[in-house]
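Single chain ahead, written as structure tokens, the form predicted alone.
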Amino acid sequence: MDNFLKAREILKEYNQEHLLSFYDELDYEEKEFLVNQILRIDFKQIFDLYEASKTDEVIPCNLIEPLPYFDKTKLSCDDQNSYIALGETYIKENSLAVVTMAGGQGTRLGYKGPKGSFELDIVPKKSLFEILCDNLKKANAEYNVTIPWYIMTSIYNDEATKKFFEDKNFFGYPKDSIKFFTQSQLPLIDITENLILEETYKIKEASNGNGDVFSALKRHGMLQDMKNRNIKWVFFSGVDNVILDIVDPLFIGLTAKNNTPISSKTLFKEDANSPDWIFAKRNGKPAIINSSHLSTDMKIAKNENGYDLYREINMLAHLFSMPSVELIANRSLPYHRAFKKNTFVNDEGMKQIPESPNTFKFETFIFDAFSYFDDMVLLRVNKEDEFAPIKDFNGPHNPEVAKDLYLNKLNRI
């Protein structure tokens, strides 16, 4: 049986024959691309995920416990100095690696290209990638090391990202210390339980979430590269937070001192009733959970010292020991479903832009890795010191706000 017949049989089994609607109109290369894509896709996985996601998760309150945290502003000078000294020993021995998750495009910013190449309107203009690189170069100069930088891209921006770095001469960073690797992708499924076409010859897929970073590191040989470099700690963050301290000796030292394999920086949840997910223990394991699972009293609960129990929110700044990264790379993380708007090819073969969400996307999240461990360190930081992500032009996390916070921090240093 040739590949076309195999592909057609697969589509028939899952009632997806519409994906071949335009097959006879395609040229040879387009036909080959579509058939190979059909043979590569795990249709059973997609439909299993779709069925599993129909049931809303319920977490009884009695399975939720507080997850203690450290407030950076309340650490004594002696404690801060102790943590910094310990953290600096790891940095100075060049055992820290930094991973930047940069698989997104700048679409929500009205920008065509990888989000990391979007430029902040300062003098001179700097891209998000260059701002991150500046932080690494500063740390390298301070500690006389070269921190390896691993950048996770997607199939949609990998080529453009690499070209951007080449055009910018890698911002003067040692080329052999920057490694690119791609995350996986999954097809989208619409409300009629059909996969959709991006082009008449191409099934539309989307990146499968930042939780894929662990297996992607392994899949592309990056874990082995880290081991060859004797890495002990790996810091993970996104590409768009322009003031995040990605080389933080205090954070590393605090984590190591408490003998925990993982840690996260957090922000205080100012509105107890906001929908922001919070850090807590679930079934005795660290987790980030939807606030809807908390009772009204739990949302505002404090301990005997006046510390809020359920007000720490995620800011995508995580530290993992090397053994913990290896462990998770060999495990499976759960998928979550998101309802999104996505352009598709309609029955006439024309691109159609929906007016409202029309497809389900399945993603894994890095924070689900926490459940493999018994404990973790949380460090609450101030927004003005470490949180200025750029998300879109109209919301609270826009380029102008980020620029002001970035310049203010530069002036304080």
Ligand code: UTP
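Every value quoted in this text rests on a predicted model; they were computed, and no experiment measured them. All residue numbers are counted from 1 along the displayed sequence.
Omitted here: the form predicted together with this ligand. The next part is about that form.
Proximity to this ligand in the predicted complex, taken as heavy atoms within 4.5 Å, picks out 203-211 from the listed stretches 203-211, 82-90, 225-233, 119-127. Although this ligand is omitted here, in the predicted complex all of Gly104, Arg108 and Glu363 have a heavy atom within 4.5 Å of it. Lys115 is the sole member of His318, Arg311, Lys115, Lys281 with a non-hydrogen atom lying within 4.5 angstroms of this ligand in the predicted complex. Here is the short version: of Leu217, Ala97, Ile252, Val239, the single residue with a heavy atom within 4.5 Å of this ligand in the predicted complex is Val239. Within 4.5 Å of some heavy atom of this ligand in the predicted complex lies at least one heavy atom of Gln183. Interface residue remark: Lys403 is not counted as part of the site for this ligand in the predicted complex, having no heavy atom within 4.5 Å.
At the 4.5 Å threshold, heavy atoms of Lys391 reach this ligand in the predicted complex. Though the partner is left out of this view, Met152 does reach within 4.5 Å of this ligand in the predicted complex, counting heavy atoms only.
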